[in-house]
Every structure is written in structure tokens, then in C-alpha cells.
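Given next, in C-alpha cells, is a single chain: the form predicted alone.
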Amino acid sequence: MSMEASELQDLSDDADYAASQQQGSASMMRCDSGKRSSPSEHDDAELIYLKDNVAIHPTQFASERISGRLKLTKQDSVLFLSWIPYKGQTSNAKLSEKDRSLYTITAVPFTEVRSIRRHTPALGWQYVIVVLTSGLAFPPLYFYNGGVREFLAIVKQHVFLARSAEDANVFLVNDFQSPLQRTLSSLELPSSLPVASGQYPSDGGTSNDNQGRASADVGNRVSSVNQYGLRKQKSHDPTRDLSIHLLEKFSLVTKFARDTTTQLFSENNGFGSIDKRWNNQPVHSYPEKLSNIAEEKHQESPHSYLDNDPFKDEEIANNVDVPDDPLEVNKLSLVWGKPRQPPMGRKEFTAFLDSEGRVVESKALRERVFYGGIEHQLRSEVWPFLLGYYAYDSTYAEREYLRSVKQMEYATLKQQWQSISPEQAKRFTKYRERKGLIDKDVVRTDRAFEYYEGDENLNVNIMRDILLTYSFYNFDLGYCQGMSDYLSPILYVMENESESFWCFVALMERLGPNFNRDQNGMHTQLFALSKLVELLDTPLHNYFKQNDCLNYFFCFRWILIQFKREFEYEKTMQLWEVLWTHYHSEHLHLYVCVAILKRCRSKIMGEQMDFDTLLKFINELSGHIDLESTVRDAEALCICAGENGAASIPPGTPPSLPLDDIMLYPLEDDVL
């Protein structure tokens, strides 16, 4: 999808909202005229908006609704949303007062809200669905007396609200810090500590400013950076700061409300249409020899998957019968997953080149890299081919000329921001914000690695210059947290500023959609992952569905930065060059996700992990996954899935090149 398609539009272009501004302002004046919050709330909370007769439907029957009062309050410049059911005023006799209290929404800060979707059906009542940054959503809030436009108009006066170009009825909240950045914080990316209070800067500052303040609050919770660059938690797991009380409530609400949440995830990201277009048949036609593999293939025992597995000595907590794996990865790997070979050296690489330097058989070269990797000294010559910076049919002379031209072009691009004067910078908000974010990120990226360690490290400064230059080269995308993780190994391998920049540009051509503000690139991959798990391990997929984990957000970090935080530095480079070959599939990283999940399926299902526990478990796998076994499993699963697997992945899904002429997500406004 083109970058223009992901641009956000302000609500000021909406005639409905323009018409509601006067009404909204009057309502706010009424609320501001001395009304205060109830004694049960903070004494200094200011009541901004109040709407009676707003209802939640625990079932599909409107007669069994729970009516209540919707309020917006403000405290310390943070806007909060609350919905309190009326006491003893429900027509649903089946629900006790305790049951009804499960639906209460108590002072949720808008810093924890990702988006609001409005529904204005021709027949029936208007309603909105509030989606949280954790990927969960509240049940629909029905406005029986109307007023959705006024509600959104009031919200817009206190937080930044922008309409998504993907769906005119979806409004992104607090766009100064995108939903992607909040998700990064929740998934414990480098130096991104979630803020326990949920408060983010409201003055347009970067998230890192707030993270710095948050680090003082968490005290001694974080230990030093380990060899993987991942901050390990001593006594506190920040993933549990994701509104854990809300997660607990969602496990208790009725099936109807939980089904609504699952449906929201599909329709809010346009997945409903994809599901119809890429509906897959079950995997079939596996060789009958699968059950007798050892006699046909390698006489090796099933390999151990987890290296120094911290969980292998633990017994499954509860005696739960785990459904059989329909495709056992041990057997699949013995059939289709070939063993790794020694890394390719210079002499072997030279054999792939003709006298003028052209790669004679690019597929054979990619196959060799896929199964063996590359000796480190040779990576600076081979990575540009894998990344698409060098053409396989280019000659020595053509590549030398390209480097010369691109070096001058890079110098010109770099001069654009180097020439900005202090006076100009004062009036260039985007530049200041991006520079501040980059300055803070680069000094916390792989600093435990020798190439970047120490004060005043020249390589850290070069990384900063490359990222700042890229933010001008691709001004629409700019800079997002996580990009420094991609650049770090490239700079280490290339050891040249200009060459590193253009290799990074080539990589971002395919992975840039991971950082789109609307998260469309990420959600497309998560959707494809869900279809692959459903195809290759239906019992596991059904388990995720039953436990409200169908959005696969627990795999977010894996996909966002291509497992950069799951392996040590050298193994990350080995995995990346395997993925970049696109030998079996350009989406092999999704099969890597499936392979890891299948290896952990017994523990996940046996211990009945919910979303919160699963997210914590996945984070703690970092540093304990065996790379060779994982790649073999992923290869076997990819071959086994075959055309059905390829059909599960929508065209244009990253790292495919964006499709500018295909609308993957037809806009629909389904009514429940």
C-alpha cells in the first residue's frame, strides 16, 4: 500500500463534525460551569462531558441492555473516560448486580486508547467502540438518545483526534504519539518502559521524554543491558502494566461481548474482506511416509528446540489434555528441513561470479546462503545483493560507479538537515521531534555490543546521522522506534556510512510499512500469521481464539524488528541473511513465528495461558531459542503449507514491495 494511503486526515474536513462543534462547545460550557466529579473519583478531576442513557448489550437482544452514564473527566491535563451502569435499572433479570459491575469502565485515560470507531446505521442506534492500545476493546457503547458526533467533538477538543484514511469511521487518538509507538512501549522494545500511570506527553513531545520520567518512577526494576541488548526485569514485568485489571475483566464478560471484540479486530483493520478472498482449505496431501520418516530420511533423533530453556524443567501446572499436533515439527523437519551447512566463504562466492563480476545463478547463490549463511568478512559484499541495493547482473565496474554516485547523493541528502540553522530549527517541529527521538534511541541501541560501546562512540554518531538523513529522504515515514535496530547490524557489516544508508533504504522499501502510523503493515502480517497457524495447527489457533488471543499481538515484537531481540547479535545476522534470500518464501519470518509457537504449544495450552500470561511468556523466550532448529522447522512448515500457505498471505504483505494499485481493504461499515 502506498505511503500516501496511510496518511491521516484531521477531523476538520468532516462537515458533520464542523456542524457539531457549536453544539459540542455549548455542552462543554454547561459541564464546565462549576460541576465537579463525584466523590468516588479524584477530588481535582474536572467533569468535561456527561451523557445519560448510554447502554451496553451483554447479549444480542436490545431488551437485555444495561444502561448507564458516560463521562469524560480531566485531571492533570489527562482526559479520562468512564461508564457507570445505573443501579437496579436493567430489564435483564438474568444479570446480577455483580455481573453488571463487570462492565463498568472506571477512569480509563485516553493515553491508553488507540482508536474510536463510530457506527451510524440507517436503522438502529448509533454506537462507538473504544479500542485500547493493548489490542483489546470495550463492548460497544450504544447512544440511545443520539450524540455520537457531540461525544467525538468533545474528545477532539481535549486530545488530538485524526481520521484514518483506511476507514472514515475510525478515529486515531493522540496521534502525536502514534498507536505504533504505544505498542512498542508495551512490548518492551529497547529502553521503552511502559508508563504505569498510562500518561503520555500532551504537548506534542516525543514518547522518550515521558519514558525518561517514567524510569525514575520504576526505580530499581530494570537491571543492566545484557548481551542481547534487551533490558531484563528483576522484580517487575512491565508487560503486566497493560491495564491488567481490564484484561481480567475481559476474561469474565459474556461470550457475546467477547465475540464483539474479536469481530472488531477483524473489521477495524479490514481483515473481514481478506478472510473472504483468501479463504484456505485445510492442508492435505502430506506424504504417507510422514509417519515413518526415520526409515526414509535422516536417522537422527528429534533435535532440541530451546537452548538453555528456562521452562523445560517446569511441569505443566494443571492437568489439561493438550490436543495432538496435527503436524509434528520434529517429523516435518526430518522430511523437509535440511541441516545447516558451513558459512559460505570468499572462494565459494567467487565461483558464482563471471569474469566481469555478474552473479551467474542468483537462485543458486540464494540457496547457498539460505542453508549456510555467509562468513562475516564476506557479508559486506553479499548483503547489498540480498537487500536489492546491487543488481545480481551488475558488473564490478557498474557497482563501483553506483557507489560513487550514491555517495554524492547521500552527501546532498545529509546536507539538507546539516544546513538547518538554530533559528530555523525553532520553527521546524518535525525536525526537532525526530532529531530528539533519534538522539535518545541511538545511545541505547546495542551499546553492550563492542562496536557501539563506550562514550563518544563514533559509530553511534554515524548511526544517528544515517537515521536523521533517512528521515529527510523518506519524510512521510520519518523515524520510528525500532529502525535503529535494523540499521545497527547493517552499519556493523558495511562499515561505510553511505553504503550503510543505501542498504538501509533498500531494507526499508520492504519493511517500512512495519512503521506506518496506522499499523496497517503490522496488522496485515499478524492476520497472515493467524491464517498460517490456523492452516498448520488448527487446535492451537482455536485455543488462541477461545482465549481472546486471536489478534496475535504477542508476536508483535518478533515481526516488527525481525526477531532482533530474540537472538544474540551474530545469530540475528545469520537469521536476517536467511530471510533476505527469499529462497522458499519472502514471508519466511511468518513461518518462523509458527515454528516457535508450535514448539511451545504444549506449554501454552497445558498451562491455559491467557493473553497477558502469553505475552510475558513470549518475551521471556528471548535468548533461549535455538536458531538452527527454528530455521529448519520454518522451512519444513513452508514447504508443507505449499500453495495453501502462500494463499493465506495477502498480496502486498511486507516484506513484499508495496502495491500502489491494489486496495487490499475495501471500506465496509458492518452493523452488528
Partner chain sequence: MATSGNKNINAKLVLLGDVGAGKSSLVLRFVKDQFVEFQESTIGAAFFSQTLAVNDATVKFEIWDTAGQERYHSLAPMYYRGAAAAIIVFDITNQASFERAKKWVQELQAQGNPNMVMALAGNKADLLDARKVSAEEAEIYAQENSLFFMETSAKTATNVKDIFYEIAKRLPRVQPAENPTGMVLPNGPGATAVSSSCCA
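Residue numbers count along the first chain shown, from 1. In this text the structure is predicted, and so the values were computed from the model without any measurement.
Below, we turn to the form predicted in complex with the partner chain, even though it does not appear here.
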TODO: Counting non-hydrogen atoms within 4.5 angstroms of the partner chain in the predicted complex, say which of Leu81, Cys480, Leu540, Met494 makes the cut.
DONE: Cys480
Task: One residue of Arg366, Lys598, Arg557, His587 in contact with the partner chain, assessed in the predicted complex (non-hydrogen atom, 4.5 angstroms) - done: Arg557
Open item on the list: Just checking whether Phe611 would be counted as a contact of the partner chain in the predicted complex - the rule being heavy atoms within 4.5 angstroms.
Closed with: yes
Open item on the list: Would you classify Leu102 as touching the partner chain in the predicted complex, given a 4.5 Å non-hydrogen atom cut-off?
Closed with: no
Task: in the predicted complex, Arg163 touching the partner chain (heavy atom, 4.5 Å) - done: no
- [ ] Report whether the minimum heavy atom distance between Asn459 and the partner chain in the predicted complex is within 4.5 Å.
- [x] no
Open item on the list: Looking at 530 to 538, 588 to 596, 393 to 401, 509 to 517, which stretch has residues with any non-hydrogen atom within 4.5 Å of the partner chain in the predicted complex?
Closed with: 509 to 517
- [ ] For the stretch 517 to 553, return the residues whose heavy atoms include at least one within 4.5 Å of the partner chain in the predicted complex, in the order they occur.
- [x] Arg517, Gln519, Asn547, Asp548, Cys549, Asn551, Phe553
